[in-house]
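Below you will find one chain, with nothing else, as structure tokens; this is the form predicted alone, and questions on how it binds or moves follow later.
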């Protein structure tokens, strides 16, 4: 079904959405929900609102009612689907094993057929999903522009002139913690192939990501250097693209599949043993490529080959951490989970690594498994809910008395930097990616 281009009437557009959802929502997954409510305490939006319809159980009930033809989808239905952060914490609490993230994506794919009513949301979706993320060279140009903005003194001028006051508060605060962008990514800096140090353990394809390679290029470089230190040959395929996670989570299913096809071909051609990601959001999407091509006779086998090889950087480093030349770092450190790394990939190695690093005092963060409120571009589209979740998180962060907050996803890292600033903790603690902290310790 093609997207609804024109708006004959809002009712007609919603009728088309209803027809699409009745054909595509997975009835088995919806029926598996036992309405037990175990998911409620795990859901950030339910905890903030106390509303049943803002919980996984409530949203599944709404989806099933639409699929059964009991209710028609409307703006209120779309609002509840879009209010969800997609953190998938409910999946780990669900005794029936409902794959909530998948039916949520199906619901959003249907809603995406109808143009959003908000001009801001429409503009953001078009900018990010069509004009930026799929095009690496445009992201490079954006990185060049952001780097020029900082280095030319334009940023100082904008702040001094008061122009920033024209923007909403959350955008002003996020601009203040934005890292320096780069127009040279990891491949441009280190080359396409890096030879291992010591006995080779295997050939790894590095997934560089889109935002990751512009705003966190040094983290990508540190990831490659760590793998080399750990004995892996590192290949960085030039033709790889955005993972498609943001597209899939926003209902842009066909765009996500186009990006996935390109990535599968790029890494299969590189003949790698593993495909490594250093971003939880990207990694969880890469693992699920096989799900997106289920039943596709042309792509399913290649997608399975790809998904079976995806690993987070922490999984490969944990295997050889005792062989890494790590010096003592005397720090009190805590860890904020990336939701998709924990709930999507079920990766547990980061804590183990932090506990084994010489000199580190690890302290567990209360509710570290609760979403930080970043969730892709959620902190832009739902800033108030995002701030509510973040501010509560920072109370727990402050209680750890840690001087380093570690995470494993670029969105979480930016959100944590924002939270540290909002909580007034920037003079006593910092947020870093696990790969960067490990490279600080490598002698």
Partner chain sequence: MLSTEVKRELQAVVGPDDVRDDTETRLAYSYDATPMYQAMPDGVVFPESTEEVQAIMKIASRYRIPIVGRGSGSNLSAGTVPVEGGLVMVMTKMNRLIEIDQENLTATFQPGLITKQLHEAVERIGLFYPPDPGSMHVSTLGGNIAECAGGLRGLKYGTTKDYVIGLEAVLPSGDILRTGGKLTKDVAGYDLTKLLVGSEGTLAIITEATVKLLPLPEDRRVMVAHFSDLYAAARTVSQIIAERIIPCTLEFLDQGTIRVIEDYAKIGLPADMAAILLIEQDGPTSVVERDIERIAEICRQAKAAHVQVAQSREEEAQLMSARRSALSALARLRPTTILEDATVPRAAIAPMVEQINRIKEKYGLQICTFGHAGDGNLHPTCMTDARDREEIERVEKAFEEIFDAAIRLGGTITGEHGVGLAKAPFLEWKVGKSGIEVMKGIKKAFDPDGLLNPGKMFAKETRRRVVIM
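Residue numbers count along the first chain shown, from 1. Keep in mind it's a predicted model, so treat the numbers as computed, not measured.
What comes next is about the form predicted in complex with its partner chain, which is not displayed.
Could you work out which of 202, 95, 198, 325 is the residue within 4.5 angstroms of its partner chain in the predicted bound form, going by heavy atoms? None of the others qualify; the residue that does is 95.
Under a 4.5 angstroms heavy atom criterion, identify the one residue in 207, 77, 267, 289 near its partner chain in the predicted bound form. Answer to the contact question: 77.
Just one of 388-396, 50-58, 401-409, 373-381 has residues with a heavy atom within 4.5 Å of its partner chain in the predicted bound form, so point it out. Careful reading of the contacts points to 50-58.
With the partner left out here, check for me: in the predicted bound form, does some heavy atom of residue 83 sit within 4.5 Å of its partner chain? Residue 83 lies outside the contact set for its partner chain.
With a cut-off of 4.5 Å between heavy atoms, is residue 71 one of the residues that contacts its partner chain in the predicted bound form? Residue 71 belongs to the contact set for its partner chain.
Can you tell me which residues in 21-43 come within 4.5 angstroms of its partner chain in the predicted bound form, by heavy atoms? Contacts from 21-43: 27, 28, 31, 32, 34, 35, 36, 37, 38, 40, 41.
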